[in-house]
Structures are given as structure tokens and as C-alpha cells.
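Single chain ahead, by itself, as C-alpha cells, in the form predicted on its own.
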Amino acid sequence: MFWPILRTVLFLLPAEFTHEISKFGMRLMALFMKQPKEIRNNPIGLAAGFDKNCEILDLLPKFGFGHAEIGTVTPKPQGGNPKPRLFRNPRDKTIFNRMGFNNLGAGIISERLKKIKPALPPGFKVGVNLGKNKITPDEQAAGDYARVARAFLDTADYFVINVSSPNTPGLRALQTIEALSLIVKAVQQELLSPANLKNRAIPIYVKLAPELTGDSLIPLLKELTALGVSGFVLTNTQAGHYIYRGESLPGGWSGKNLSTTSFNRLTEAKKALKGDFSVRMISVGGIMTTEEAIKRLKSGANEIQLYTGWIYQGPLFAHKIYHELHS
């Protein structure tokens, strides 16, 4: 009951500033929470974008998560789009972001993960969301994705190729089998290279946009599966605009408005792949209630991820879902 009051106060502050002080608040709160000894049967994860630079990863098991996706990470550091670039719409329980892959770069973030990973409970998985730098031409994108993967060969539990963010100009043009084939093969080549000292078989997922459906989605799923992709993250944010001081800003919407669309992409993908249980599905987008979370898992998602729902429902939302799943 305390969270709605605190949320109202926090929502009076600029969204990106609130995001930063919330991470500080989580660290204080975590002092009074117990770290699980190991993670068992927990399909609840934190979506990419929340912990871009691997700052709160060590806290997440305490908050009920079984995995987390850091990033999006690009080869070189980049500042992202100009501020303000994060907005809330509490009435509709949505968030609009136009962050633009702001992150500290693969070198710094991979070193952080190396230090944090040994302290995480056994069974807690860390995914790395791979991206390209804004200045990299699309025809050279595969090299960027491979370079980021190379930096995390000894720490990542899975990779996610992100070609579906609406916040980097031209990125979604890479959602073709021709472009994605080059990217997937480049990342796969890194797994086979001498740089993979531990010879780890790291699963590769592809994150797709919610606007892809029917003839735009199904052939892509089948072709990428044939290339050896382990699964898909469905879906990214929905492209749109936000009116700020009379200016129409392009970006992506997440939250309640995405619930039906993301659920439909999950069921469409499962149907297209005809129950191929070797292809794993991570469902993300519009999971705002425990009922929606359980619905996704019962509808074929192997795992789910939270972001906007966590912000609106509060820091114990993942715990609530977990207890409902096991009650």
C-alpha cells in the first residue's frame, strides 16, 4: 500500500532522474533483503534497458528475478539521444522512451560483469543485449554485433541481437533475413573463435518489433530458426511519437498499451513454429499484472521479462508473480 504513495511522489520528478534515484533506493532497500542461495524454476526476468550499464545486477535476485538482460550494449560508448528522452503517462500506465542506446560501451560494461558475476546466485542468468553504434552504417552492422559479443564471451549466459529498437535511425531496417543472417553468422563465428577460451555454447536470441506480424514475421522466424537461433524475444517497444512542448518526438511506447500486441506476437510465433520446443520464447511487453504474467507462461513463453510493469506495480512485483506461480 506504501508504493502507490511513493510512486506519486517520484512521478513528480523528471522520469530519467527518477530512474537514477530509484537505483539508489533499491540499493538501500536491498540491505534489508536476503539474497537467495540459488535460483530455481524462476522464469521472471528484467528486460533490457533498465540496467543498461550493469549497475544494479547484483541486487536483482533479491527482488525476485531469475534472470536479467543488461544493455543494450554497443561497441563504443555513446550518449544516446538528447534529453528529455523518457516520459510517463500514469493515466494509461505507459512509458515513452527515445533513449537511443545510451551506454558506457562493451569494454567498461564487460569488466563490470566480470566482477559481479561470481557473486550472483547459481542459476541466475545474465543476458547481454547486443546493439550497434549509431554512426555505424547498416552494411557494417554485423561487425558491431560481433564485437560486443566478443567482449562477453566468458560471462554472458545468452545473447540477444537487438534490431528492433525504434530509437536508432535505420535500425529496424535490419529486420530482414538478409541483414539478420549476416549478423547472426557474425555472432556465431565469435562463439567458434579462439577468443571463446572456455568454448562456451552461448544461446543467441533475436529481439523483434511488435509491428512485425503475418508475412513479415513468420518467414523471419523460420529462416532464423534454420540458421540456429535459439529463440526470440517478443517484443520490443511500439514505435510512436510523444508531443513535448509542441514538438513531436519519435520513440517507442511500452506498458499497458502493448499487452495485447505482445501477447498476440507470442501466440503467433508459437503457432508458426508448430510447437517446436527447441525454440525458446521470452515474452516481454505489457506485463502489468500477475495474471498477465501467468497467461504468457501458460501460452508458451519459456520466460517473461518485466520493465514498465515493475515501475508501475512496485519493487516487489517480481516476487508477487513468483509466489503466484508457485502457490
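Every value quoted in this text rests on a predicted model; they were computed, and no experiment measured them. Each residue number is its position in the shown sequence, starting from 1.
There is also a form predicted together with a small molecule; it is not shown, and the following applies to it.
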query: The single option of 282, 47, 44, 269 touching the small molecule in the predicted complex, heavy atom within 4.5 Å; finding: 47
query: Listed residue (54, 301, 68, 258) with a non-hydrogen atom within 4.5 angstroms of the small molecule in the predicted complex; finding: 258
query: Joint contact, 76, 142 and 206 to the small molecule in the predicted complex, by non-hydrogen atom at 4.5 Å; finding: no
query: Stretch in contact in the predicted complex with the small molecule, which is absent here, among 216-224, 113-121, 99-107, 182-190 (heavy atoms within 4.5 Å); finding: 99-107
query: Partner contact for residue 129 in the predicted complex: the small molecule, 4.5 angstroms, heavy atom; finding: yes
query: 4.5 Å heavy atom contact, residue 254 to the small molecule in the predicted complex; finding: yes
query: Residue contact check: residue 286 to the small molecule in the predicted complex, 4.5 Å heavy atom; finding: yes
query: is_contact(residue 306, the small molecule) in the predicted complex, heavy atom dist at most 4.5 Å; finding: yes
